[in-house]
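Just one chain follows, in the form predicted alone, and it is written as C-alpha cells.
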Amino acid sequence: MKLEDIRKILVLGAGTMGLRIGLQAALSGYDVTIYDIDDRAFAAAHKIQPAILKHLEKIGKISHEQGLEALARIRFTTDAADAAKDADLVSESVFEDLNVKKEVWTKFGKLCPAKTIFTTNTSYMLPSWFAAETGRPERFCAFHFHDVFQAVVVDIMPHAGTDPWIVDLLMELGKKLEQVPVVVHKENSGYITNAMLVALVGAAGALLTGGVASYEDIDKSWKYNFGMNGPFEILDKVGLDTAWHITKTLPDAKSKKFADLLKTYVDAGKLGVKTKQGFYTY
C-alpha cells in the first residue's frame, strides 16, 4: 500500500483523542468514520470539533470553508460492520484497558478488509500486547498522537512483527496529517515524550502527597522557571482518569499514594479540561 491508497480512515473511539485525530484527518482531505459503542459519546465531538475549527480559523490556520468541508468528511456510527467495511487505515483510541483493546481488535480484525492497516493510539501499552488479536500483526503498529493541534509529534512504534514498510508509510502519513513523525525503534511504554513526562509528573505527585508544597506552587515553580505548563496543568489536559489508570500500575509506594489521590478526583467526576474541573477549574 502507498500513501495515495489511503483514502478512508476509521477512528475507533470518539473520546478526547479520537475526535481530534478524526478532525485532523478530515482537514487533511481524508474521508473519516468515527466509531463508538455509544452514540452519546458523539455529543462532545459535535461541540468540540467546531470549537477547534473556529480557533484554527481565528489564528489563520484554515479558512471557514475548509472547516466546513472537514466536518462534511466526518461521519459517526455505532455500527461496527458499517464502520469497518471500506477502511483503508484504522486508528484506535479506545479506553486504556488491555482487555478492552483486545476485545476491540478481535472484533475489527475480523470485520475490516484484508487491505486495512491497523494502528493504535495507546498511551502506555505496547503494541505487542495485543497485536495477535488483530489477526494481522504484520500490518499493526502504534501510531500515537499527542494533542494533534498544539503538540504535533506523532510516535511510530512498531512491534517485532510489524512489516518495515508500514513504518515508512506511517512516516509519510504523519507528515500528511501535519504532524512531526518520530520513530521509536524499540517498544517502550510511554514512547519518548510520555516516558519523560512520567518522571516529571511522578516527582510532582510525590511533592504534593508528601506535603512539600501545594499543586499550585509546584506548577508555578515549573511554569515560571521553564516557561511551560506545570505538571498538574498537564495532567488536567491529559485527563485525570487516564493519569490514574497509568499511575496505579506503577509499583513504587509514591506512585501508589499519588494514584490514590487521583482516584478521589476521578470518583468526583473531576477529570480535568474535558469536564471543566480537575486540579483547576476551566
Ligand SMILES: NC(=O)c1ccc[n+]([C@@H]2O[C@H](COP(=O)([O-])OP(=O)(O)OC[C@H]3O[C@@H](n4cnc5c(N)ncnc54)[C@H](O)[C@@H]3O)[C@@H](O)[C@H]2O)c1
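Note that residue numbering begins at 1 and tracks the sequence as displayed. Everything quoted here is computed from the prediction, not taken from an experiment.
Another form exists, predicted in complex with this ligand; not displayed. Remarks below refer to it.
Heavy atom of each of 41, 93 and 274 within 4.5 Å of this ligand in the predicted bound form: Contact check passed for all of 41, 93 and 274.
Residue stretch of 221-229, 23-31, 234-242, 65-73 approaching this ligand in the predicted bound form, non-hydrogen atom distance within 4.5 Å: In the other structure, the partner sits against 234-242.
Candidate from 187, 103, 138, 86 lying within 4.5 Å of this ligand in the predicted bound form - any heavy atom: Looking at the other structure, the residue within range turns out to be 103.
Contact flag, residue 134 vs this ligand in the predicted bound form, heavy atom cut 4.5 Å: So residue 134 does not count as contacting this ligand.
Partner proximity in the predicted bound form: residue 51 to this ligand, non-hydrogen atom cutoff 4.5 Å: Contact with this ligand, no.
Contact of residue 10 with this ligand in the predicted bound form (heavy atom, 4.5 Å): Outside the cut-off, so no.
Partner contact for residue 37 in the predicted bound form: this ligand, 4.5 angstroms, heavy atom: Output for residue 37 is yes: heavy atoms within 4.5 Å of this ligand.
Heavy atom contacts to this ligand in the predicted bound form at 4.5 Å, residues of 176-210 in sequence order: Nothing in the stretch sits within 4.5 Å of the partner.
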